[in-house]
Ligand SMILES: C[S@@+](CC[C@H](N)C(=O)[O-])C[C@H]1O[C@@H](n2cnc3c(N)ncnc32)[C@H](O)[C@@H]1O
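Quick setup: one chain, the form predicted alone, written in structure tokens, and binding and motion questions come after.
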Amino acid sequence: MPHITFNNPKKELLVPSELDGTKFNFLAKSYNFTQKPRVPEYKICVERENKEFLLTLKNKDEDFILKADKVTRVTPVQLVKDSINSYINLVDAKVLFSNTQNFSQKLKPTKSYLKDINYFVNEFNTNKEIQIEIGFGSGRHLLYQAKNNPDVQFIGLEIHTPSIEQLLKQLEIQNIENVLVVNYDARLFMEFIKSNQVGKIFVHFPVPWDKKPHRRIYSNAFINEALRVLKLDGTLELRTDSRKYFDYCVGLLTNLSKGKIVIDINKDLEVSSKYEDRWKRQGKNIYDVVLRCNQLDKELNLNYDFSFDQTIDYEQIIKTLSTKAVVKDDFFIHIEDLFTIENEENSGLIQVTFGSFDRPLSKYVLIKDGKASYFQDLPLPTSANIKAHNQLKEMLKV
């Protein structure tokens, strides 16, 4: 993470101000609820190349450290490095350590296949049938399906970075253009896909998580989302070598009214992974259970309003807002810290973590003259985030 350790600043940071292309918009001091004894910490709001983000300033023994804020990340990282360097120049400090030098680097080729989750929320649109593979591993099955079905839009979900890099390389080598790749939790991803548009969802050899069943892909919520996005006669296809996982999934699928299931053992597919080949040579059983959707579903509205309609009394909020986590059945919210913006009345930052237990989201809520808004960008419109936002609005009432 880019940072500088320094001491002996000869000047104070005045806000707003600008130097070397970096704007310094405001300075906010933390209450540090979670630290005992409390350590002074500041958030500096900076803007460079039309991107606004935060830097963290704190004491380090007798010195100071200025670093990137872990919540408000921006790309390229050089923006953060340049902003840190601008601050040091502005306060005229003695640098003790720095990793913010601008080294000449070769540009990496654009990964047109790799998409951020916000792309699927704000931009993704296709009239083609969609097929999704969850946890594509080496990518052998996904590559085969994409090459043999050029009119289908494939989406590959994976959280293992080396697997993603391997697939991206093969997509370029083989000139396959109908695959999009996203590093995101599959249990939440389906909420951003339109209803009745997916032909097939492949879940091949997922991690069984026998000791942590709450981490499994399959759950009632996941299956219901799969049925919503599937076309009429679309399929959710599980393939596993784990009898325990197979029995668990069959139990979930048995009593569904919106689909029917077909079970096979040791079915031969046109393509298989190297692990499956090894297991078959060892005489290990491979289990398949296919859920076929038999009715259409309604469309979801992802245009949720994440605004705050009330005026915030921030000075009162500081005194009354609880930092104890609020935990519900399907979401949580936790106030991490509060910051007051210096030299501005009724203004501050609220650092909050909320949403799904599987994919928690950290954000800042910016209060300016009693008006609240999310800093940088809005939360993704998942059901958990929407419920957490409504809970936060209630918490901010005094």
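The numbering used is simple: start at 1 and walk along the sequence shown. Keep in mind that this is a model prediction, so the values were computed, not measured.
Same protein, other form: the form predicted together with this ligand, not shown, and the subject of what follows.
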item: Per-stretch contact check against this ligand in the predicted bound form, the hit in 307 to 315, 127 to 135, 230 to 238, 248 to 256 (non-hydrogen atom, 4.5 angstroms); value: 127 to 135
item: Contact label in the predicted bound form: His160 to this ligand, heavy atom within 4.5 Å; value: yes
item: This ligand contact in the predicted bound form: Lys115, any heavy atom under 4.5 Å; value: no
item: Any non-hydrogen atom of Glu177 within 4.5 angstroms of this ligand in the predicted bound form; value: no
item: Interface membership of Lys274, this ligand in the predicted bound form, 4.5 Å heavy atom rule; value: yes
item: One residue of Met190, Val71, Leu90, Ile217 in contact with this ligand, assessed in the predicted bound form (non-hydrogen atom, 4.5 angstroms); value: Ile217
item: Residue among Glu172, Glu165, Asp210, Asp185 with a heavy atom within 4.5 Å of this ligand in the predicted bound form; value: Asp185
